[in-house]
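A lone chain, given as structure tokens: the form predicted on its own.
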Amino acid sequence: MDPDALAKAFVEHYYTTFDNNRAGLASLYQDGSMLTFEGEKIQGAPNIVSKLTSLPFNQCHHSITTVDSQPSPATNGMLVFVSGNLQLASEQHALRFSQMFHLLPTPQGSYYVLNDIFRLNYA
């Protein structure tokens, strides 16, 4: 699959799942995965999903502005950088965010998230 097409497919799947069923993101992480969320480092799929499902809002919608990707030949993986807007149901204005994923292949032929860095962008 074309790397850009793979990145776009991953991004669509990730944010659709996040917006509709955050617990469903568990299958995208493994025990060695790490999330840095606003500077807080969280290790392992169960802890990452616990963090994401405990965020202080129930409904949100991600609107993606850009998706940039690069192959990571040393790991047969891919780096994916996303920017966009996050609209919370309780907020009038959307929040800008950036997120970076390092995806690695699984033996089954799909990809999982090894590294995930999320930041809100305050103007």
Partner chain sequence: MDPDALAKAFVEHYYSTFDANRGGLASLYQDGSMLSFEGQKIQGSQNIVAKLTSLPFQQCQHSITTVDCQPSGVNGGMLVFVSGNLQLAGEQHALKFSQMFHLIPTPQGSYYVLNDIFRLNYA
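Since this is a predicted model, take the numbers as computed values, not measurements. Positions refer to the first chain, counted from 1.
One more form of this protein exists, namely the form predicted together with the partner chain; it is left out here, but the text below deals with it.
**Distance check, A9 to the partner chain in the predicted complex, heavy atom within 4.5 Å** = Contact with the partner chain, no.
**Message:** Although the partner isn't part of this model, could you tell me whether G44 comes within 4.5 Å of the partner chain in the predicted complex, counting any heavy atom of the residue?
**Reply:** Residue-level check for G44: no, no contact with the partner chain.
**Message:** Is it the case that H61, even though its partner is missing from this view, gets within 4.5 Å of the partner chain in the predicted complex, heavy atoms only?
**Reply:** Judged by the heavy-atom cut-off of 4.5 Å, H61 is well away from the partner chain in the predicted complex.
**Item:** Non-hydrogen atom contact L79 with the partner chain in the predicted complex at 4.5 angstroms
**Value:** L79: contacts the partner chain in the predicted complex.
**Asked** Looking at Q30, S72, Q87, T53, which is the one with a non-hydrogen atom within 4.5 Å of the partner chain in the predicted complex?
**Response** Of Q30, S72, Q87, T53, the residue with a heavy atom within 4.5 Å of the partner chain in the predicted complex is S72.
**Non-hydrogen atom within 4.5 Å of the partner chain in the predicted complex for each of T16, R22 and A26** = So, no: the whole triplet misses the partner chain.
**Prompt:** Which residues, if any, of 4-34 lie within 4.5 Å of the partner chain in the predicted complex when only heavy atoms count?
**Reply:** Contacting residues: D4, M34.
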